[in-house]
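Only one chain is given next, in structure tokens, and it is the form predicted on its own.
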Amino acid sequence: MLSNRQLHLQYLAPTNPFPLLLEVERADGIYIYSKEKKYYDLISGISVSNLGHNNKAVISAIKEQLDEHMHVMVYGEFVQKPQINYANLLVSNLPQSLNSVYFVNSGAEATEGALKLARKASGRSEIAYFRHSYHGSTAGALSVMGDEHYKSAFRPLIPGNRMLEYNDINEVSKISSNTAAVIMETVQAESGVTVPDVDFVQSIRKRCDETGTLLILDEIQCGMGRSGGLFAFEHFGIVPDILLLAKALGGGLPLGAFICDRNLMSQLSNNPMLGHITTFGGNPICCAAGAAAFKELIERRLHEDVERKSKLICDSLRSHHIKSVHAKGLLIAIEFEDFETNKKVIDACFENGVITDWFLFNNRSMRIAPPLIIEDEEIEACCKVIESSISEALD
């Protein structure tokens, strides 16, 4: 009889030749359990599990909604309480201009919807995006991905876009009256956690206002409390025209959203009608789970302790092999000399019970993005494992 690992390799579509193949038995809090041992989860399923695993409030909300109904109709046609409740909760915690929520299934779908909306509303085609940006892997999202290595095999993509340099204020003037939208990560993740200057972000906002360009902020990774604010744009004193959310939005279930002013959003409902549709977007189970998770985040004020926990992690990692540390809240990049060095450390951490990863466009850096619920003693234990793994792998 084939093992589960062998069946995984035989029947599931691969994304790379070397999957981790950790056989998950269960997960709870900041821990993932295999048959063999317990692992500290320091990447939260790539910034999904902000409340950790098996949160009781989220599980309860899922069970309660299961007793009511699951899918009943494509998004937007029926009045469904889980969608209404979550949309209301989100807009109640956002600026007044972000008052209309379009639920989808993922971050890539949120990107697609926002790009379509920007082009239709503006009557323009050019989208400005940034080097080393990541907004998803669908064809439209690939067209605004800032790395040619991951794009070249799938060309031709959607034409007419313009790549700018992130956090370079001299690039702002390239936004013009031909630009439908600027799409940018509020904090750029896959470059190895690049935090832009406040002046840069505010200059982008000002230039968009001057040219009639929509500003799309992608907070799929850095939003929902991970940055230390409920939403990362709060740190920069600006408000986007369109906000993208996913990952932690669903409380562990697949859910994404793009959010903007209702007058802008209405562009998708006419000329033509059904200009953007989704069958499973806003799935009631996912919305119930996401709303429960967001309530937990707010009521426990977990985001308010993120910066302190981030500093505790960064200050605890002192190995001379570490070249630099880049962080915004609990999205942290630990940079080593090169990919080979980083991989040795990541592999050693995994063997020693700590799950980390590297970044898509910066494989020299190790990703640390633990659940926001991580406790001080767990931080201390994880950092000791990382430090010892560095010594084991490199000294």
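These figures come from a predicted structure and were not determined experimentally. Quick note: we count residues from 1 along the sequence shown, nothing fancier.
The form predicted in complex with a small molecule is left out here; the points below concern that form.
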* May I ask you to choose, among G107, G251, G282, G113, the residue with a heavy atom within 4.5 Å of the small molecule in the predicted complex? => G107
* Asked: Of these, I216, A289, I204, I220, which has a heavy atom no more than 4.5 Å from the small molecule in the predicted complex?
  -> I220
* Of 132-140, 91-99, 76-84, 266-274, which is the one stretch near the small molecule in the predicted complex, taking non-hydrogen atoms within 4.5 angstroms as near? -> 132-140
* Tell me, yes or no, whether K247 is in contact with the small molecule in the predicted complex, where a contact means a heavy atom of each within 4.5 Å. => yes
